[in-house]
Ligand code: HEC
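One chain follows as structure tokens, the form predicted on its own.
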């Protein structure tokens, strides 16, 4: 009798698993109706997937107020505002579908948004189609054009030094801290567009498998400089930073990831380590002071 019960239980578990897998692949939400209220086929399939995987965090209305939302930090994305952090398009513009799909594949670092890589390509496309129904912006605006990312400049100690100077000049340290630990003097005061506290990225915690919120490669970091991270205090530098300067800053920021194996850290170590950047900065300040004194002296005559 016990053996027969075990066999029956096994059959039920197999059937339940098969049914769940079939529902996932078909884009059908188990236990939730998928109404046909003018949705396209893709939006209808996406609605079923959304109710199955997304609704508990992002909410029935896509406003980020799902049942789990009060317990999450940071809060889930509000799709009704159509403001997205990870984009290849200029600040303030809508993202491309490929940007949203990229977020589904990667997940979002340092949040509760996981990677949905197990879903099929069609599943992800359908989810994006449905997510776009939450905001009228998608009906009246077109996505921006993807920014152009020029070839990366060579990693050199000169590039890293220039990046260090930019980090100081542009006051990146006020949020990210002098060692890139996300503990700058302004860090504790930062909030997002929903007035929720937000933490600057901590470069120092990075290991070899670490990534940024919107990617893991140098070009991803470059893209963040030029697009900004909408909905956060991180602005776009597209209007104030030249491409070569952006690459210099990328190379310097990589050296703040001291526990990560990288070309930038190899170059810095060979040049004498982080102390060489500080000594270079002091030398520059001393030269400026000397020049200033010289001009004052000359003017006095």
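Predicted, not measured: the structure shown is a model, and the values here were computed from it. Numbering follows the first chain given and starts at 1.
This protein has a second form, the form predicted in complex with this ligand, left out of what is shown; the following refers to that one.
Chemist: Does this ligand come within 4.5 Å of any heavy atom of residue 113 in the model of the complex?
Modeler: Yes.
Chemist: Please check if residue 224 has a heavy atom lying within 4.5 Å of any heavy atom of this ligand in the model of the complex.
Modeler: Yes, contact at 4.5 Å.
Chemist: Can you check whether residue 145 is within 4.5 Å of this ligand in the model of the complex, heavy atom basis?
Modeler: No, residue 145 stays farther than 4.5 Å from this ligand in the model of the complex.
Chemist: Using a 4.5 angstroms cut-off on non-hydrogen atoms, would residue 199 count as touching this ligand in the model of the complex?
Modeler: The answer is yes: residue 199 has a heavy atom within 4.5 Å of this ligand.
Chemist: Only one of 103, 218, 88, 135 gets a heavy atom within 4.5 Å of this ligand in the model of the complex. Which one?
Modeler: None of the others qualify; the residue that does is 103.
Chemist: Consider the chain as shown here, without its partner, and state which of 157, 206, 129, 175 has a heavy atom within 4.5 Å of this ligand in the model of the complex.
Modeler: Looking at the other structure, the residue within range turns out to be 175.
Chemist: Counting only non-hydrogen atoms and a 4.5 Å threshold, tell me whether 152, 184 and 254 all contact this ligand in the model of the complex.
Modeler: No residue of the spot touches this ligand in the model of the complex.
Chemist: What residues, if any, in 47-76 have a non-hydrogen atom within 4.5 angstroms of this ligand in the model of the complex?
Modeler: Going through 47-76 in order - heavy atoms within 4.5 Å of this ligand in the model of the complex - the hits are 53, 54, 57, 58, 72, 74, 75, 76.
Chemist: Hey, the CA atoms of residue 208 and residue 269 end up closer or farther in the model of the complex than in the shown form, with the change being 3 Å or more?
Modeler: Here the pair is closer than in the model of the complex; there, farther apart.
Chemist: A 3 angstroms or greater change in CA distance between residue 208 and residue 87 is reported in the model of the complex. Closer or farther than in this form?
Modeler: Relative to the displayed form, residue 208 and residue 87 draw closer in the model of the complex - a change of at least 3 Å between their C-alphas.
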